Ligand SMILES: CC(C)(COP(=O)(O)OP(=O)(O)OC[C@H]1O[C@@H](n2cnc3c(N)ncnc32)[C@H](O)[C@@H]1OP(=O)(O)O)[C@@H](O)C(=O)NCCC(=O)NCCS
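Here's a solo chain for you in structure tokens, the form predicted on its own.
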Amino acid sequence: MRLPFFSKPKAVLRPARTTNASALAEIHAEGGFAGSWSQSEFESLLADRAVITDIASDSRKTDVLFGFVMSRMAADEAEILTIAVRRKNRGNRIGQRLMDAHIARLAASGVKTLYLEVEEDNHAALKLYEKTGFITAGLRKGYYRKPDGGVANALIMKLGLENL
């Protein structure tokens, strides 16, 4: 028998609201990005009608967020701007569930091709994207600034959504 207070919280996926901006900025800051985005940047993005954001929250406390994914749509294409999961919630398939739900939502909105950029040495992210079906479509040399002042290449990846 599993006691409820010892079980892992279950994630509920839903669209984000502008009131989630502070939590998204906090989660993004944990993501290991060279430049994390501010609450005001997230507020602007969440208010943009072309930006689609999905969050994973605790089923018992919906104000507790585990992670999110954010994309910008343009015609029948979209680009994932960022995806992040809190450190303590990693390894629970939250990233995969967010990607699957987000992709389904984008496809239902008429998106035919989804793009993203990822640091070529980000093995955890690459594993997620490849498992989701993304393929490498190009390379941007020296695209990312690293916290130590160096630069890293970005892989451009794409996923066709027409057959979903």
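These numbers were taken from a predicted model, which means no experiment stands behind them. All residue numbers refer to positions in the sequence shown, first residue = 1.
What follows is about the form predicted together with this ligand, which we do not show.
- Within this chain, residue 29 is remote from the site of this ligand in the predicted bound form, having no heavy atom within 4.5 Å.
- Remark: residue 96 counts among the residues lining this ligand in the predicted bound form, judged by a heavy atom distance of 4.5 Å or less.
- Taking non-hydrogen atoms only, residue 115 never approaches this ligand to within 4.5 angstroms in the predicted bound form.
- When contacts are judged by a 4.5 Å heavy atom cut-off, residue 78 does not count as touching this ligand in the predicted bound form.
- Residue-level contacts in the predicted bound form: of 103, 65, 128, 52, one residue has a heavy atom within 4.5 Å of this ligand, and it is 128.
- Of the stretches 134-142, 38-46, 119-127, 104-112, only 119-127 has residues with a heavy atom within 4.5 Å of this ligand in the predicted bound form.
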